[in-house]
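As structure tokens, one chain now follows by itself in the form predicted alone.
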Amino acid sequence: MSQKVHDAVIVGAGFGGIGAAIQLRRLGRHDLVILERESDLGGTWHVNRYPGLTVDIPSSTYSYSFEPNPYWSRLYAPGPELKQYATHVAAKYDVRRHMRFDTLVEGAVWDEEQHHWTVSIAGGERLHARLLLTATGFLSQPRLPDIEGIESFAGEVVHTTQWDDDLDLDGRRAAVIGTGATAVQLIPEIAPRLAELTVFQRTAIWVTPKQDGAVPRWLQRMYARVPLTQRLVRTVGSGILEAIMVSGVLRYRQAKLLNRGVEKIALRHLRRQVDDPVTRAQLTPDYSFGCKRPTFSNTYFPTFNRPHVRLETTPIARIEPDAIVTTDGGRTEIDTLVLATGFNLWDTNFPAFEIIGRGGVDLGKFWRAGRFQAYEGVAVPGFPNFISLNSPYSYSGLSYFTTIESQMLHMDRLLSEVARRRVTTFEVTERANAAFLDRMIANLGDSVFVQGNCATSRSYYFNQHGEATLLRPTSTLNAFGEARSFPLEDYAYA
């Protein structure tokens, strides 16, 4: 009995996986299997549900351009609305029926003789597919702090990716470890309920004013009736994000004044909102704007004016059953420990599971032994019929949807050529991959990551080799342009 070979296996049912499935169906590939380890679709918007969760860029830009949502309730939509949007898109484009939840992928191996991928699932099941697409996301593997004694803590412990909706914080003495974008959203929400709150900060974060507010019902109706109006808003918002990201961060050498102008806005915001000069100094980043992903908030800084809220910047030495002890001997008694420690991108991701390509090459080892690399942020030589949707040099701009849609365009051009040639395999050439990598490295020479002061930023933009290989160091226009027009001969077909 012959084994069934699917058109494609997509790993991940977040926005990346949904977009990939939509594109494959447009190309006539309908025998799809989308494998998701969580209990439902939505990726980070399913996993995260901590208090204060919102999208951290304007909602108008955080959506598929071909499926705008006119009904966002706020300029920065709350997390549950993003989950609802993902559910809506999956239903409208008929991709939910391809999804299998609570399914953990353990590995994938390219079968050279059969010209397909064999995907291994926890429990022993194996699937076979002509194409393998990884859409496991960038922020999918929670980082747990390696602190002495943390397992001995006797009180409540909760990580922001595993928030307990039944957790009663009223009157508790809590500590939050971490001051990244998640903590900036969470801390103002939980502080009023607590008797005491100590925030343990390792690295200060750049925070700029948040131009937020409710979207009036009449404006939502206008967006629905005249979609052009929402597209115009999206264009303006995208332009602002592009200026911040491309000009101020990726073209830092040429636009230092813009970068420093944004820094001044952020510092003025801090001065206006924090009363105590010592706390203000502790909250001031000592690295260049853009080395680490910044965020927007009008409520984070004022939280530290509350008498029961304290910022602690002395490193943690250990955790005891009822307290956190810092390296100077200070002891903070707590009954609740909140871990806002973010995600582990480079150790447990890239890739999120073992992928073995042609000749037994392990993708994770290949990336770590040499340079992290992926042609156009999509393909890797030695890995036929493989499309990596979360890969080095793939993240374009500040909106994840820019990345998703540029990759969808790349898939369209590539797989249309595969169909035209009537071949079964494609693989990016070593020559094309090397040329793309050289160009990205050269472009990074102008960025804040090279030209700025990033030594103390502890940014997830940097991999184990100290290279900022997460972001694509070009404009989003360039990303879309190349996705539509990359040389077809950059791939080998068979």
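Numbering starts at 1 and runs along the sequence shown. Here the structure is a predicted model, which means the values were calculated and not measured.
Just so it is clear, the following notes concern the form predicted together with a small molecule, a form of the same protein that is not shown.
Just one of S288, T303, N385, Q185 comes within 4.5 Å of the small molecule in the predicted complex, counting any heavy atom, and that one is Q185. A single residue from the set G178, G357, P351, G397 has any heavy atom within 4.5 angstroms of the small molecule in the predicted complex; that residue is G178. Contact with the small molecule, judged by heavy atoms within 4.5 Å in the predicted complex, is confined among 94-102, 251-259, 339-347, 326-334 to 339-347. Residue contact with the small molecule in the predicted complex: R143 places a heavy atom within 4.5 Å of it. Within 4.5 Å of some heavy atom of the small molecule in the predicted complex lies at least one heavy atom of T203. The small molecule in the predicted complex is approached by D56, whose closest heavy atom lies within 4.5 angstroms of it. With a 4.5 Å cutoff on heavy atoms, M411 does not count as touching the small molecule in the predicted complex; it lies far away.
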